[in-house]
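Take a look at this single chain in structure tokens; it is the form predicted alone.
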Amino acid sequence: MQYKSVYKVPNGKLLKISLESDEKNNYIESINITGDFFAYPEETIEVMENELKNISLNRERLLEKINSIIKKYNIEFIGLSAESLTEGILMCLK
């Protein structure tokens, strides 16, 4: 099933998430992350989208995975954090 959310990060930027999920197993099949935040290096948003495939839509698991991707690829966000990205993704399900 396809979901979308628009999330204004507290004291941050606008985050737009579009995702397809496997409802039976509750995991991400595909995700598109856009908004008016910045990520360095720029190409790491695409890396983040690829790395989040097949990840459970469970808050703790998702936050853990996002933090590990940030560390692995040395991603720097401006106007966004791992917590707010997790929140924006989970808002798709509401």
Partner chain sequence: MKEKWRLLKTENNTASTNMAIDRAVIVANSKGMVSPTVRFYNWEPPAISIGYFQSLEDEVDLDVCRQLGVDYVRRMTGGGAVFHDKELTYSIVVPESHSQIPKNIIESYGRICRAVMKGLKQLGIESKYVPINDIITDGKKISGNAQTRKTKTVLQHGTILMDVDVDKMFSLLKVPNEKIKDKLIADVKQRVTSIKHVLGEEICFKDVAEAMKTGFEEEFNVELIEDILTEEEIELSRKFEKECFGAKDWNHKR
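Numbering follows the first chain given and starts at 1. Owing to the predicted nature of the structure, the values given are computational and were not obtained by experimental measurement.
Keep in mind that the form predicted in complex with the partner chain is missing from the display, and what follows is about it.
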Check whether I45 has any heavy atom within 4.5 Å of a heavy atom of the partner chain in the predicted complex, and answer yes or no. yes
Report yes if any heavy atom of Y27 sits within 4.5 Å of a heavy atom of the partner chain in the predicted complex; otherwise report no. no
Given that the partner chain is not shown alongside this chain, does T34 nevertheless sit within 4.5 Å of it in the predicted complex, heavy atom to heavy atom? yes
Since only the chain is shown here, I'm wondering whether E76 would be in contact with the partner chain in the predicted complex (any heavy atom pair within 4.5 Å). yes
